[in-house]
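Below sits a lone chain in structure tokens, taken as the form predicted alone.
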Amino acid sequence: MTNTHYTSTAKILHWLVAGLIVLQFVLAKLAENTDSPVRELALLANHKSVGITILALAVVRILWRFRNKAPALPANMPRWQVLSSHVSHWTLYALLFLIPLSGWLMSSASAYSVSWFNLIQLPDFVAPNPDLKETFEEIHELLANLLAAVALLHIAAALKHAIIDKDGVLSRMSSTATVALFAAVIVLGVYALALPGKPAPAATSSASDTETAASAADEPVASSTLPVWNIDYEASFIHFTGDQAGAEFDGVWQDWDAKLQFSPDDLASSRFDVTIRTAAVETQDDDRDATLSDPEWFDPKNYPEAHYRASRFSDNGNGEFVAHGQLSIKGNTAPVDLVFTVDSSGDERVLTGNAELLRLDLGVGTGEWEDTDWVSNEVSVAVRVSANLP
């Protein structure tokens, strides 16, 4: 670093971060005003990714700042201006850390893990907690407003030095190339991260397809002479895992019942008949839960129940079995294989299993939500059933 100017590295970091900060405010404002839930999800996901980028660059910048002394301010600058310059600079440095970290904490508390541009899922700092989410959201907004205020003062001071004082303070950190970098970051960022993406695909299912699927799903499984398991629902669960904006989220069905008749010695007579109340879904995030009740998703108002029925089973060996069943949701039916094991002790039974399904095959997430760039088509289901024989 010279006596009068910052190095090229310092200038690039300064203007790169400045451009990204402007881009952040653009993304947040667009997300706030959009009427499209998919676009809001995309904008907020990109907002978080840019925030993590700023945090990483802030680390680099602060390390560079400590290793490279800043050029001296003009000797004739009043002491209050020198003090104000130091305070504003270190306030900006602090905010470059605190704002992304508060947003990261807010996402963790809302059960919405942060993913860096859908490539890397970052760890959560705290467990899901609605109260903490509101607290961190308020802190995040307060710090963002403070950043805007301090940045405006910083800009006003820089312009004063350039236009009124003409003391070269602004030129120490700027050049034609760095100002061009600042503009390019904003323009390219808006183009890549804020403009609407590809149009939502049209729904592909026809009325006849739906009627055929619905009639197939309504067919009950054949009766069986095997005893029906007495299920301990408090010790049992149906979980599912999906991917939202590059980060996994977990959900659970809170209201379901099942008629299970299974014997490893009589697979031909074994039967599964499971009913799930679609309104009783919980993902630890109120906004996501509300979205899952929309007509594009589970639509519990018109389709209050989903069903999984299986009457054909196979033995994979080593105590592992497969239920070759049919899952019906919203009048659409798709084959779903449940791979499971059963641990037995006397009359007690514990079934644990997993299944993989494609939500679009079941008409779940239609319209805009058919874009799998932001919500994965693949869904993993995990079940545990604790029961005993009568």
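Heads up: residue numbers just count along the shown sequence, starting at 1. For clarity, every value in this text was computed on a predicted model and none was experimentally measured.
The form predicted in complex with a small molecule is left out here; the points below concern that form.
Although the partner is absent here, L147 is a contact residue: one of its heavy atoms lies within 4.5 angstroms of the small molecule in the predicted complex. Not displayed here, the small molecule is approached by H47 to within 4.5 Å at the level of heavy atoms in the predicted complex. At a distance threshold of 4.5 angstroms between non-hydrogen atoms, R67 is out of contact with the small molecule in the predicted complex. Using a 4.5 Å cutoff between non-hydrogen atoms, G251 does not count as a contact of the small molecule in the predicted complex. In short, of 353-361, 26-34, 321-329, 336-344 it is 26-34 that has heavy atoms within 4.5 Å of the small molecule in the predicted complex. Not one of G242, G246 and V379 places a heavy atom within 4.5 Å of the small molecule in the predicted complex. Of the listed positions (I276, A310, L260, I99), a single one reaches within 4.5 angstroms of the small molecule by any non-hydrogen atom in the predicted complex, namely I99. With the partner omitted here, the residue from I231, M106, V185, A306 that has a non-hydrogen atom within 4.5 angstroms of the small molecule in the predicted complex is M106.
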